[in-house]
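Take a look at this single chain, the form predicted on its own, given in structure tokens.
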């Protein structure tokens, strides 16, 4: 193994050292494994919920967003939004929804690679998964703002509704429409996955930094 590759991949744990401290070296891998599982499982759970109260619908309307699709009363909500000039919900984040599952699988594989690399460069592989929850929020806010601030001036109620930024989380609304939005189980699973990865790197550093220093000093083989 070349010096450059060794500097990227990091040291391998000698069998005798692993036998002496098995928990220290196994723990980062186990934590990363748990994070990968949470990330994959999040695909099957909703990431975001919204309830809309309108006079025409006394029982409320409900919208649920998974990482790759929208479900619930989409058609009814689109019908109400039409009157204020807002575009159909299906036009938002089309690329993101189409690519979401592939992106999560890619993050799964990158975290697996991070568990194999025993140097500081492993962090680079995990950055997408660590920042994924924040990225989801930013993307959701972007599309909510884009739709709310670009209303059709020819809509029936355009004269009574000014452009606005819909509330992403919590209570909000416009005119006689009231909304309440909250994160779903899938989003929280992704958050937990990101948190576990950060914790895993603390144990990763504790386990492999001493070996990396020995490798640089020439006291440890590849």
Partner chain sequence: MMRGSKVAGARGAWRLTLVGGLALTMLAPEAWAQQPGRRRRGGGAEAAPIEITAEQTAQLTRIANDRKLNFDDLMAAAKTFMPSGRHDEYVLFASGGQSGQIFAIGVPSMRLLRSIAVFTPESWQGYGFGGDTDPVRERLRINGRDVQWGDTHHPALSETKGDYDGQFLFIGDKANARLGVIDLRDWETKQIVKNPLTLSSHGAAFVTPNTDYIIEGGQYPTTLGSSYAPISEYKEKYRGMVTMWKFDRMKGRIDESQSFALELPPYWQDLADAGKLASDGWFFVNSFNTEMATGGIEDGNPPFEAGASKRDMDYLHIVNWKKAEAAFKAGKAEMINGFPVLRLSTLASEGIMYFAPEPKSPHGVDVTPNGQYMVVAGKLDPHVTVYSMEKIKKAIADKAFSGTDDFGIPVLNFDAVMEAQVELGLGPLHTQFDDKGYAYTSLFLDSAVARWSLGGEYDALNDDRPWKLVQKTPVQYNIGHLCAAEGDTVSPDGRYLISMSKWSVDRFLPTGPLLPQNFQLLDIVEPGTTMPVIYDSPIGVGEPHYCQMIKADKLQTWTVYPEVGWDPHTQAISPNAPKSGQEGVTRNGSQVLVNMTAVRSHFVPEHVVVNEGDTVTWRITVVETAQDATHGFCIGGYNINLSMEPSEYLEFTFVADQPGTFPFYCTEFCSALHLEMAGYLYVKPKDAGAQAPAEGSEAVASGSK
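Bear in mind that the values here come from a model prediction, so they are computed numbers and not experimental data. Numbering follows the first chain given and starts at 1.
Another form exists, predicted in complex with the partner chain; not displayed. Remarks below refer to it.
- Under a 4.5 angstroms non-hydrogen atom cutoff, the partner chain in the predicted complex lacks residue 159 among its neighbouring residues.
- Residue contact with the partner chain in the predicted complex: residue 58 places a heavy atom within 4.5 Å of it.
- For the chain shown alone, residue 34 is not a contact residue for the partner chain in the predicted complex, no non-hydrogen atom being within 4.5 angstroms.
- In the predicted complex, residue 116 approaches the partner chain with a heavy atom inside 4.5 Å.
- Here the chain stands alone, but in the predicted complex its contact with the partner chain, taken as any heavy atom within 4.5 Å, falls in 78 to 86 among 128 to 136, 78 to 86, 144 to 152, 91 to 99.
- Of the residues 27, 194, 54, 38, just one reaches the partner chain in the predicted complex with a heavy atom at 4.5 Å or closer; this is 54.
- Along 97 to 111, a non-hydrogen atom within 4.5 Å of the partner chain in the predicted complex is carried by 101, 105, 108, 109, in order along the sequence.
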